[in-house]
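First comes one chain, alone, set out as C-alpha coordinates in the form predicted alone.
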Amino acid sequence: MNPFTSVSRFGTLISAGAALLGAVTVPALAQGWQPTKTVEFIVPAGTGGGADQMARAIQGIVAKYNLMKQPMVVINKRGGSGAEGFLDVKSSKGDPHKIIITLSNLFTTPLATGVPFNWRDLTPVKMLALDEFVLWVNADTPYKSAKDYIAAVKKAGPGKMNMGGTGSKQEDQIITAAIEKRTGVKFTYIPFKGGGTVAVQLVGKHVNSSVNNPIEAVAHWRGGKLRPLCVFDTQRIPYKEKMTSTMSWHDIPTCKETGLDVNYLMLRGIFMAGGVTPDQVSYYINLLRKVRETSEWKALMAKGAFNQTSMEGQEYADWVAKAEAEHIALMKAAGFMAGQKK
(Lines give C-alpha, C1' and ligand atoms only; values in the text may rest on other atoms or scores of the structure.)
Protein backbone atom coordinates (compact mmCIF):
# COMPACT_ATOMS: atom_id res chain seq x y z
CA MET A 1 0.00 0.00 0.00
CA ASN A 2 1.19 3.46 -0.83
CA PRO A 3 1.53 5.03 2.66
CA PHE A 4 0.10 8.28 1.37
CA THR A 5 -3.23 6.77 0.41
CA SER A 6 -4.44 5.78 3.87
CA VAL A 7 -3.79 6.19 7.55
CA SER A 8 -6.17 3.58 8.95
CA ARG A 9 -8.99 4.25 11.41
CA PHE A 10 -8.47 2.13 14.51
CA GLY A 11 -10.83 1.21 17.33
CA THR A 12 -14.57 1.32 17.85
CA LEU A 13 -16.84 4.33 17.79
CA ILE A 14 -18.24 5.46 21.11
CA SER A 15 -21.98 5.02 21.40
CA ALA A 16 -23.94 8.15 20.73
CA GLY A 17 -26.33 7.23 23.52
CA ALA A 18 -24.14 8.16 26.51
CA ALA A 19 -26.20 10.03 29.09
CA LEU A 20 -25.75 13.75 29.54
CA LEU A 21 -24.90 15.11 32.98
CA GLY A 22 -27.71 17.02 34.65
CA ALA A 23 -27.58 20.46 36.16
CA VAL A 24 -26.48 19.12 39.55
CA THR A 25 -22.76 19.48 40.17
CA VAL A 26 -20.90 16.20 39.70
CA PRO A 27 -18.92 15.18 42.79
CA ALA A 28 -15.15 14.91 42.57
CA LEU A 29 -13.75 11.43 41.96
CA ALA A 30 -13.31 10.04 45.45
CA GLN A 31 -11.61 6.64 45.44
CA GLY A 32 -7.96 5.68 45.35
CA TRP A 33 -5.17 8.12 44.55
CA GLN A 34 -6.03 11.77 44.00
CA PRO A 35 -3.87 14.80 43.12
CA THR A 36 -2.46 16.66 46.11
CA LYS A 37 -1.40 19.80 44.22
CA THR A 38 -2.11 21.68 40.99
CA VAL A 39 -2.16 19.48 37.89
CA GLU A 40 -0.22 20.90 34.94
CA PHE A 41 -1.92 20.16 31.61
CA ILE A 42 0.79 20.52 28.96
CA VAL A 43 -0.09 21.44 25.37
CA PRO A 44 2.86 20.77 23.01
CA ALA A 45 1.52 23.33 20.54
CA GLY A 46 0.57 26.99 20.31
CA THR A 47 -2.58 28.73 21.51
CA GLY A 48 -5.75 28.65 19.45
CA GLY A 49 -5.13 25.32 17.72
CA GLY A 50 -7.13 22.12 18.15
CA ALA A 51 -5.03 20.68 21.00
CA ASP A 52 -5.12 23.97 22.90
CA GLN A 53 -8.88 24.33 22.46
CA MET A 54 -9.50 20.76 23.63
CA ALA A 55 -7.23 21.10 26.67
CA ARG A 56 -8.94 24.32 27.74
CA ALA A 57 -12.37 22.75 27.22
CA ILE A 58 -11.37 19.86 29.52
CA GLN A 59 -10.02 22.32 32.07
CA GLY A 60 -13.31 24.23 32.00
CA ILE A 61 -15.44 21.10 32.34
CA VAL A 62 -13.38 19.81 35.27
CA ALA A 63 -13.75 23.15 37.04
CA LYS A 64 -17.46 23.59 36.26
CA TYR A 65 -18.47 20.18 37.59
CA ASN A 66 -15.92 20.11 40.44
CA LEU A 67 -14.49 16.86 39.11
CA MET A 68 -11.14 17.38 40.83
CA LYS A 69 -10.29 18.86 44.23
CA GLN A 70 -7.04 20.42 42.99
CA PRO A 71 -6.85 23.06 40.24
CA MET A 72 -5.80 22.25 36.68
CA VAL A 73 -3.72 24.76 34.72
CA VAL A 74 -3.10 24.60 30.95
CA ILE A 75 0.48 25.38 29.89
CA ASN A 76 1.49 25.76 26.23
CA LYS A 77 5.00 24.51 25.42
CA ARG A 78 5.26 24.60 21.62
CA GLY A 79 9.03 25.13 21.26
CA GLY A 80 10.77 22.81 18.83
CA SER A 81 7.51 21.69 17.21
CA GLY A 82 6.26 20.51 20.58
CA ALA A 83 9.56 18.97 21.73
CA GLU A 84 9.64 21.42 24.65
CA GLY A 85 6.42 19.96 26.03
CA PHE A 86 7.31 16.33 25.42
CA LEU A 87 10.77 16.67 26.97
CA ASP A 88 9.27 18.42 29.98
CA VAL A 89 6.95 15.50 30.68
CA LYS A 90 9.68 12.96 29.89
CA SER A 91 11.93 14.61 32.49
CA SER A 92 9.12 14.46 35.08
CA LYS A 93 9.28 10.68 35.53
CA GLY A 94 7.08 9.51 38.37
CA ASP A 95 5.23 12.85 38.68
CA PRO A 96 1.46 12.21 38.58
CA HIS A 97 0.63 15.92 38.63
CA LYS A 98 1.50 16.47 34.97
CA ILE A 99 -0.50 15.31 31.94
CA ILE A 100 -0.04 16.11 28.26
CA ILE A 101 -2.43 16.20 25.31
CA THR A 102 -0.92 14.77 22.15
CA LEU A 103 -1.37 15.23 18.46
CA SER A 104 0.62 13.66 15.66
CA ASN A 105 3.72 15.59 16.66
CA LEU A 106 4.01 12.81 19.22
CA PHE A 107 5.53 10.97 16.24
CA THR A 108 6.53 13.63 13.74
CA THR A 109 8.67 15.80 16.04
CA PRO A 110 11.19 13.12 17.10
CA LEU A 111 11.22 11.59 13.60
CA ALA A 112 11.88 14.92 11.89
CA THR A 113 14.29 16.45 14.40
CA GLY A 114 16.03 13.54 16.08
CA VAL A 115 15.17 15.01 19.49
CA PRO A 116 15.71 12.31 22.17
CA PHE A 117 12.06 11.48 22.78
CA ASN A 118 9.72 8.60 21.97
CA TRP A 119 6.11 8.10 23.04
CA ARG A 120 7.28 5.08 25.06
CA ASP A 121 8.96 7.55 27.44
CA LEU A 122 5.42 8.46 28.52
CA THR A 123 2.47 6.51 29.94
CA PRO A 124 -0.63 6.23 27.70
CA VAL A 125 -3.81 7.21 29.54
CA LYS A 126 -6.72 7.65 27.12
CA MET A 127 -7.53 8.41 23.50
CA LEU A 128 -10.18 11.11 23.57
CA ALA A 129 -10.97 11.37 19.86
CA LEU A 130 -9.49 11.40 16.38
CA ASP A 131 -9.35 14.71 14.52
CA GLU A 132 -10.27 15.25 10.90
CA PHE A 133 -8.47 17.39 8.33
CA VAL A 134 -10.27 19.46 5.71
CA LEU A 135 -8.97 21.16 2.57
CA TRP A 136 -9.99 24.83 2.91
CA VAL A 137 -9.88 27.78 0.53
CA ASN A 138 -11.00 31.38 0.87
CA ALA A 139 -14.73 31.75 0.19
CA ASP A 140 -14.06 34.52 -2.34
CA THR A 141 -12.25 32.10 -4.67
CA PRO A 142 -14.09 30.36 -7.52
CA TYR A 143 -13.11 26.83 -6.42
CA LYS A 144 -16.12 24.66 -5.59
CA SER A 145 -14.36 21.29 -5.34
CA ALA A 146 -10.95 19.79 -4.68
CA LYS A 147 -10.82 18.87 -8.37
CA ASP A 148 -11.31 22.54 -9.33
CA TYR A 149 -8.60 23.68 -6.95
CA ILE A 150 -6.01 21.08 -7.92
CA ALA A 151 -6.60 21.95 -11.58
CA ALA A 152 -5.91 25.60 -10.76
CA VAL A 153 -2.72 24.71 -8.89
CA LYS A 154 -1.52 22.69 -11.89
CA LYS A 155 -2.32 25.54 -14.25
CA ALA A 156 -0.47 28.07 -12.08
CA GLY A 157 2.72 26.00 -12.18
CA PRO A 158 5.10 24.55 -9.58
CA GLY A 159 5.37 26.60 -6.38
CA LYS A 160 3.06 29.39 -7.56
CA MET A 161 0.25 28.47 -5.15
CA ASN A 162 0.92 28.13 -1.45
CA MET A 163 -0.42 25.94 1.34
CA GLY A 164 -0.51 27.32 4.87
CA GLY A 165 0.00 24.89 7.72
CA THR A 166 0.99 24.43 11.33
CA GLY A 167 4.74 23.89 11.73
CA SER A 168 7.22 22.14 9.46
CA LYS A 169 7.36 18.39 8.77
CA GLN A 170 4.22 17.91 10.85
CA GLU A 171 0.70 16.78 9.97
CA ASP A 172 -0.22 19.66 7.66
CA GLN A 173 2.95 19.40 5.63
CA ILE A 174 2.70 15.60 5.51
CA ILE A 175 -0.78 15.93 4.00
CA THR A 176 0.48 18.60 1.60
CA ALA A 177 3.28 16.25 0.48
CA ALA A 178 0.70 13.50 0.04
CA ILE A 179 -1.42 15.73 -2.20
CA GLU A 180 1.65 16.58 -4.26
CA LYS A 181 2.60 12.93 -4.62
CA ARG A 182 -0.89 11.85 -5.68
CA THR A 183 -1.56 14.71 -8.12
CA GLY A 184 1.82 15.88 -9.40
CA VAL A 185 1.26 19.48 -8.25
CA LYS A 186 3.84 21.43 -6.24
CA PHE A 187 2.87 23.89 -3.51
CA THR A 188 5.00 26.39 -1.66
CA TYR A 189 4.36 25.31 1.94
CA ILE A 190 4.25 28.16 4.48
CA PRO A 191 4.45 27.15 8.17
CA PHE A 192 2.76 29.08 10.98
CA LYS A 193 2.74 28.71 14.76
CA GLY A 194 -0.75 27.25 15.13
CA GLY A 195 -3.96 26.27 13.39
CA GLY A 196 -5.78 29.39 14.53
CA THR A 197 -3.14 31.56 12.86
CA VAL A 198 -3.35 29.45 9.69
CA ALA A 199 -7.09 30.07 9.45
CA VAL A 200 -6.63 33.82 9.90
CA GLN A 201 -3.95 33.86 7.17
CA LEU A 202 -6.34 32.10 4.78
CA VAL A 203 -9.15 34.53 5.62
CA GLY A 204 -6.73 37.37 4.85
CA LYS A 205 -5.76 35.72 1.52
CA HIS A 206 -2.09 35.50 2.53
CA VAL A 207 -2.16 31.80 1.58
CA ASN A 208 -4.18 30.03 -1.11
CA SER A 209 -5.32 27.03 0.94
CA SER A 210 -4.91 25.09 4.17
CA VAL A 211 -5.59 21.60 5.52
CA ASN A 212 -6.76 22.76 8.95
CA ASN A 213 -8.72 20.72 11.47
CA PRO A 214 -12.45 21.52 11.52
CA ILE A 215 -12.39 23.22 14.93
CA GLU A 216 -9.62 25.59 13.79
CA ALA A 217 -11.61 26.94 10.86
CA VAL A 218 -15.29 26.43 11.72
CA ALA A 219 -15.89 29.99 12.98
CA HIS A 220 -14.57 31.44 9.71
CA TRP A 221 -16.64 28.95 7.70
CA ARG A 222 -19.78 29.93 9.57
CA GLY A 223 -18.84 33.57 9.06
CA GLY A 224 -18.72 33.08 5.29
CA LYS A 225 -14.97 33.63 4.99
CA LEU A 226 -13.73 30.09 4.23
CA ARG A 227 -14.98 27.22 2.07
CA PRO A 228 -14.35 23.50 2.74
CA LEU A 229 -13.60 21.45 -0.37
CA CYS A 230 -13.14 17.93 1.01
CA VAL A 231 -12.33 15.93 4.16
CA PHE A 232 -9.29 13.64 4.35
CA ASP A 233 -11.17 10.59 5.60
CA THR A 234 -12.50 7.34 4.19
CA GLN A 235 -16.07 8.37 4.91
CA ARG A 236 -18.00 11.59 5.34
CA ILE A 237 -18.18 13.31 8.72
CA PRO A 238 -21.42 12.08 10.35
CA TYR A 239 -22.64 15.37 11.87
CA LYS A 240 -25.68 16.58 9.91
CA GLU A 241 -26.63 19.77 11.75
CA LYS A 242 -26.32 22.77 9.44
CA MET A 243 -23.18 24.81 10.18
CA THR A 244 -24.00 27.40 7.53
CA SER A 245 -27.28 28.22 5.81
CA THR A 246 -26.62 25.52 3.23
CA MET A 247 -24.08 23.01 4.56
CA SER A 248 -23.42 20.58 7.41
CA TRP A 249 -20.15 18.78 8.06
CA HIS A 250 -21.75 15.73 6.43
CA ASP A 251 -22.25 17.68 3.19
CA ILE A 252 -18.47 17.97 2.70
CA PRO A 253 -17.37 15.15 0.36
CA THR A 254 -14.40 12.97 1.14
CA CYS A 255 -11.32 13.91 -0.84
CA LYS A 256 -11.41 10.47 -2.46
CA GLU A 257 -14.93 11.20 -3.72
CA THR A 258 -13.51 14.20 -5.56
CA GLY A 259 -10.59 12.27 -7.05
CA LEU A 260 -7.97 13.17 -4.41
CA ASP A 261 -7.14 9.82 -2.81
CA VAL A 262 -5.50 10.98 0.44
CA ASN A 263 -6.67 10.06 3.97
CA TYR A 264 -5.34 11.20 7.34
CA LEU A 265 -6.68 11.23 10.91
CA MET A 266 -4.90 12.68 13.94
CA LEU A 267 -4.73 11.51 17.54
CA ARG A 268 -6.19 13.60 20.34
CA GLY A 269 -5.10 11.68 23.42
CA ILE A 270 -3.74 12.01 26.93
CA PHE A 271 -0.42 10.74 28.32
CA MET A 272 1.32 11.01 31.69
CA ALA A 273 4.99 10.88 32.58
CA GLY A 274 6.74 7.55 32.74
CA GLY A 275 7.04 5.74 36.06
CA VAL A 276 3.59 6.60 37.39
CA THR A 277 1.47 3.98 39.17
CA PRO A 278 -1.57 2.13 37.77
CA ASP A 279 -3.70 3.78 40.47
CA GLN A 280 -2.62 7.22 39.26
CA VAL A 281 -3.37 6.33 35.64
CA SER A 282 -6.79 5.01 36.66
CA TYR A 283 -7.58 8.31 38.35
CA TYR A 284 -7.15 10.24 35.07
CA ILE A 285 -8.96 7.58 33.03
CA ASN A 286 -11.98 7.92 35.32
CA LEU A 287 -11.72 11.71 35.28
CA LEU A 288 -11.73 11.79 31.48
CA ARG A 289 -14.64 9.36 31.32
CA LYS A 290 -16.63 11.85 33.39
CA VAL A 291 -15.54 14.69 31.10
CA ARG A 292 -16.71 12.80 28.02
CA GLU A 293 -20.20 12.34 29.53
CA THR A 294 -20.93 16.06 29.75
CA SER A 295 -23.07 18.07 27.38
CA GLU A 296 -20.17 20.51 26.98
CA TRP A 297 -17.91 17.76 25.67
CA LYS A 298 -20.55 16.53 23.26
CA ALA A 299 -21.01 20.07 21.98
CA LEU A 300 -17.24 20.35 21.44
CA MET A 301 -17.25 17.07 19.49
CA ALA A 302 -20.03 18.32 17.23
CA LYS A 303 -18.55 21.79 16.77
CA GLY A 304 -15.17 20.35 15.82
CA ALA A 305 -16.58 17.45 13.79
CA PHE A 306 -14.45 14.95 15.73
CA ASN A 307 -14.37 11.23 15.12
CA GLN A 308 -15.34 10.05 18.62
CA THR A 309 -13.18 6.93 18.76
CA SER A 310 -11.93 6.41 22.33
CA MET A 311 -9.50 3.89 23.83
CA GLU A 312 -7.54 3.23 26.98
CA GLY A 313 -5.24 0.58 28.44
CA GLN A 314 -3.41 -1.88 26.20
CA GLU A 315 -5.74 -1.21 23.27
CA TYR A 316 -4.67 2.45 23.31
CA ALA A 317 -0.96 1.58 23.58
CA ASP A 318 -1.28 -0.86 20.68
CA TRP A 319 -3.02 1.80 18.56
CA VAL A 320 -0.23 4.29 19.26
CA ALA A 321 2.45 1.76 18.27
CA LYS A 322 0.61 1.06 15.00
CA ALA A 323 0.16 4.77 14.30
CA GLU A 324 3.88 5.33 14.88
CA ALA A 325 4.70 2.75 12.20
CA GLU A 326 2.27 4.50 9.81
CA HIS A 327 3.99 7.83 10.43
CA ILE A 328 7.45 6.38 9.87
CA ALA A 329 6.25 5.26 6.43
CA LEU A 330 4.67 8.64 5.72
CA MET A 331 7.72 10.60 6.85
CA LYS A 332 10.10 8.46 4.81
CA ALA A 333 7.93 8.82 1.70
CA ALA A 334 7.90 12.61 2.15
CA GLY A 335 11.65 12.81 2.82
CA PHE A 336 11.03 14.34 6.26
CA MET A 337 13.07 11.97 8.46
CA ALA A 338 15.99 13.46 10.40
CA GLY A 339 19.17 13.00 8.40
CA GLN A 340 17.28 11.64 5.40
CA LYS A 341 18.52 12.64 1.97
CA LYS A 342 15.78 13.32 -0.57
Partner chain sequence: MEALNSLLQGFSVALSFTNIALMFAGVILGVIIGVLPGLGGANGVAILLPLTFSMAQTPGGQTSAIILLSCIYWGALFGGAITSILFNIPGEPWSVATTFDGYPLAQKGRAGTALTAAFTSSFVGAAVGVIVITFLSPIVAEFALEFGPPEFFGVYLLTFCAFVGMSKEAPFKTIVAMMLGFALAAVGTDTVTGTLRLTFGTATLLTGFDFLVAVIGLFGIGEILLTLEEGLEFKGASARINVKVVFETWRELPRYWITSLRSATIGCFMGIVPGGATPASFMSYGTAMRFSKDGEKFGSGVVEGVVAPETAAHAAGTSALLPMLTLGVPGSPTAAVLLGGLLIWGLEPGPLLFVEQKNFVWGLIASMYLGNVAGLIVVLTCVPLFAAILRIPFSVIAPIIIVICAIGSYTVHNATFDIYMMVVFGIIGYLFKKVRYPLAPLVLAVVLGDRAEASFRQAMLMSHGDMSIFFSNKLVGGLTSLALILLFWPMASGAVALLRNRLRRE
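Positions refer to the first chain, counted from 1. Owing to the predicted nature of the structure, the values given are computational and were not obtained by experimental measurement. For the two forms, the rigid core is made up of the largest set of C-alpha atoms that agree within 1.5 Å on superposition.
As for the form predicted in complex with its partner chain, it is not shown, yet the points below apply to it.
- Residue contact with its partner chain in the predicted bound form: residue 139 places no heavy atom within 4.5 Å of it.
- For the chain shown alone, residue 293 is not a contact residue for its partner chain in the predicted bound form, no non-hydrogen atom being within 4.5 angstroms.
- Among residues of the shown chain, residue 307 is not one whose heavy atoms approach its partner chain to within 4.5 Å in the predicted bound form.
- At least one heavy atom of residue 80 is located within 4.5 Å of its partner chain in the predicted bound form.
- Contact with its partner chain in the predicted bound form, judged as any non-hydrogen atom within 4.5 angstroms, is confined among 223-231, 252-260, 125-133, 139-147 to 223-231.
- Contact check at 4.5 Å (heavy atoms) against its partner chain in the predicted bound form: none of 177, 298 and 320 pass.
- The partner is absent here, but in the predicted bound form a heavy atom of 218, alone among 185, 272, 237, 218, sits within 4.5 Å of its partner chain.
- Of the residues given (276, 311, 67, 57), 57 alone sits with a heavy atom within 4.5 Å of its partner chain in the predicted bound form.
- Contacts between 154-182 and its partner chain, taken as any heavy atom within 4.5 Å in the predicted bound form, involve 159, 162, 168, 169.
- Superposition on the rigid core between the shown form and the other one places the CA atom of residue 205 2 Å or more away from its counterpart.
- Residue 158: CA moves 2 Å or more between the shown form and the other one after rigid-core fitting.
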